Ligand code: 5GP
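The chain that follows stands alone, in the form predicted on its own, written as structure tokens.
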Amino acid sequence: MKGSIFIVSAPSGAGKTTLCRRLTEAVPRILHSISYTTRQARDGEVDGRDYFFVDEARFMSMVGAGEFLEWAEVHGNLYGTSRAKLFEMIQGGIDVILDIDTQGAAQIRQKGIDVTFIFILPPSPETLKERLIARKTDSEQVILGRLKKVREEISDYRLYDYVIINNSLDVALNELGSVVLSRRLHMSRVDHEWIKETFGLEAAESKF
């Protein structure tokens, strides 16, 4: 059985990347998709683990070759999801979670791919600002730029299947895991042939 795709979007500082990484540590058979980006690695980030860091020329070459399922410019940097790597994982029965911005999510939605869309909200604008400052990875100018874009990013939340408010990381993680597990148990994921063979069922007309 193929794996499922879960897309998580949120404004910067809402905690989506942390939640996605914690989820892959807590729930078996789900991997965090690694995006390609042209931005510089932050302290502690590792190429091939956090992102695939490439220059703009390499990135645009991949765009031209159709290698990205989606790509977008976010806060002055380019980000993209490898089509081949993603489908290799789901063909192998692995669920994949992507933390991408609303532009990339919209591109995938337009392609009609079977995806579960999840939006992460901070509890308040003030909390979001505090988190951006506390992580100490961006300059004051970059933080101000991210905060200016928050309303634009959040305005797309109605396009998603689920909304999680990240007031407590542990609670939000539990809610995110519940979405993944409910998707795995959905009727569309059931192995009907296995049930029929195991319990000796005959093909029957639906009673509904």
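The numbering used is simple: start at 1 and walk along the sequence shown. What you are looking at is a predicted structure, and each value in this text was computed from that prediction instead of being measured.
Absent from the display: the form predicted in complex with ligand 5GP. The rest refers to it.
**Student:** Is every one of R22, I97 and I164 in contact with ligand 5GP in the model of the complex, taking contact as a heavy atom within 4.5 Å?
**Tutor:** Verified in the model of the complex; spot residues all out of contact, no.
**Student:** If contact means a heavy atom within 4.5 Å, which one of 179 to 187, 36 to 44, 165 to 173, 22 to 30 is the stretch that engages ligand 5GP in the model of the complex?
**Tutor:** It is 36 to 44 that comes within 4.5 Å of the partner.
**Student:** Would you mind picking the one in A72, L121, L86, L128 that has a heavy atom within 4.5 Å of ligand 5GP in the model of the complex?
**Tutor:** Flagged contact: A72.
**Student:** Does any part of Y160 reach within 4.5 Å of ligand 5GP in the model of the complex? Heavy atoms only, please.
**Tutor:** Outside the cut-off, so no.
**Student:** R135 versus ligand 5GP, in the model of the complex: is there a non-hydrogen atom within 4.5 Å?
**Tutor:** Output for R135 is yes: heavy atoms within 4.5 Å of ligand 5GP.
**Student:** Does ligand 5GP get within 4.5 angstroms of any non-hydrogen atom of A10 in the model of the complex?
**Tutor:** Output for A10 is yes: heavy atoms within 4.5 Å of ligand 5GP.
**Student:** Hey, in the model of the complex, does F117 get a heavy atom within 4.5 angstroms of ligand 5GP?
**Tutor:** No - in the model of the complex, heavy atoms of F117 and ligand 5GP never come within 4.5 Å of each other.
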